[in-house]
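Only one chain is shown below, in C-alpha cells, and it's the form predicted alone.
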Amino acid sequence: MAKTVVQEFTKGLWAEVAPFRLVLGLCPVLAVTKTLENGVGMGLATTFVLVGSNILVSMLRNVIPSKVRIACFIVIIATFVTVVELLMQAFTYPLFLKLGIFIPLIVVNCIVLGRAEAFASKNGVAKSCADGLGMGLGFTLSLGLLGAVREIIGTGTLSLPFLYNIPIMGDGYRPFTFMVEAPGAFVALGLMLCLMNLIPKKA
C-alpha cells in the first residue's frame, strides 16, 4: 500500500509531469510564467486545488451519481478555487493581482478535472491525495523552471517572494526582452518540450 502511494506521488514529478509529458494545462504555463514568482505562485495554487478536490471526490465517489459526476466535480473544484482565491487576496495580494484571471480559471484547468475524473473517482483517499500532490508539485516545478528561464534571459534578474529583481547575469548583460513577451513563452515551452522528449521517462 505504502509503495503504491509513493508511486502515485512520484509519477507526477517526472514520468507524467503535466506540461512537458502530458502536454496539459498549457494556458497558465504560457500566460503566467514571465517570472519565477508568478510560476511558483500559480503552481502552488493549482496544487492546493488538486489535492483538495482529489480528496473530496475520492471520499464522495460512491455517493455521486455517475450521470452528473462531471457537474459535481466542477462544483467541488470551484469551491477549492474560491478558497485559494480568498486566501491569496488575504495573504499574497500583490501576487494575486499579477496572476489575475488565471486564478479563477483553475476551475477549467484540464489537469484538475482530468485527475478527478480519471483517478480520484476510482481510487481511495490516500492514493488520490498522493496523485494530486505529485501532479501539483510537478506542475509547480514546471512553471517555476519555465518562469526562471524566461526571467533570467529576458531581464537578467530573478524575482523571489520578498526578494525582487536579484541580478543574475551581471551589469554588462543586455536582456533579451523577447523572452518575457508572449512569443517568448511559446519558444521557451517548445525548447523545453524538445529537451523532455530527448530524456527518457525512466531516467
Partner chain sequence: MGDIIVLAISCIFVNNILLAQFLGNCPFLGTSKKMETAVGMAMAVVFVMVMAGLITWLVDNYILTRLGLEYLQTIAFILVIASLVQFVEMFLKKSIPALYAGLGIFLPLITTNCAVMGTCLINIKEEYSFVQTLVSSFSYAVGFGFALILFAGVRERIVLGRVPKPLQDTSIGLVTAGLIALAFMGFKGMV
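Numbering follows the first chain given and starts at 1. All values reported here derive from a predicted model rather than from experimental measurement.
One more form of this protein, predicted together with its partner chain, exists but is not displayed; see below.
Discussion item. Please tell me whether the candidate spot formed by 85, 193 and 198 is one where all three residues come within 4.5 Å of its partner chain in the model of the complex (heavy atoms).
Written reply: Verified in the model of the complex; spot residues all in contact, yes.
Discussion item. Considering non-hydrogen atoms and a 4.5 Å limit, which listed residue (60, 31, 141, 168) is close to its partner chain in the model of the complex?
Written reply: Selected option: 31.
Worksheet item: Only one of 132 to 140, 23 to 31, 151 to 159, 45 to 53 gets a heavy atom within 4.5 Å of its partner chain in the model of the complex; which is it?
Response: Of the options given, it is 23 to 31.
Fill in: its partner chain contact in the model of the complex: residue 189, any heavy atom under 4.5 Å
Although its partner chain is absent here, residue 189 would touch it in the model of the complex, with heavy atoms inside 4.5 Å.
Discussion item. My question is simply whether residue 79 lines the interface with its partner chain in the model of the complex - judged by any non-hydrogen atom within 4.5 Å.
Written reply: Answer yes; at least one heavy atom of residue 79 falls within 4.5 Å of its partner chain in the model of the complex.
Practice prompt. Answer with yes or no whether residue 17 is in contact with its partner chain in the model of the complex, where contact means some heavy atom within 4.5 Å.
Written response: Flag for residue 17 set to no.
Worksheet item: Quick one: is residue 124 in contact with its partner chain in the model of the complex, heavy atoms, 4.5 Å cut-off?
Response: Taking the distances in the model of the complex, the answer for residue 124 is no, it never comes within 4.5 Å of its partner chain.
Item to complete: Would you give me the residues of 83 to 111 that have any heavy atom within 4.5 Å of its partner chain in the model of the complex, in order from first to last?
Response: Counting only heavy atoms within 4.5 Å of its partner chain in the model of the complex, the contacting residues of 83 to 111 are 85, 86, 101, 102, 104, 105, 107, 108, 110.
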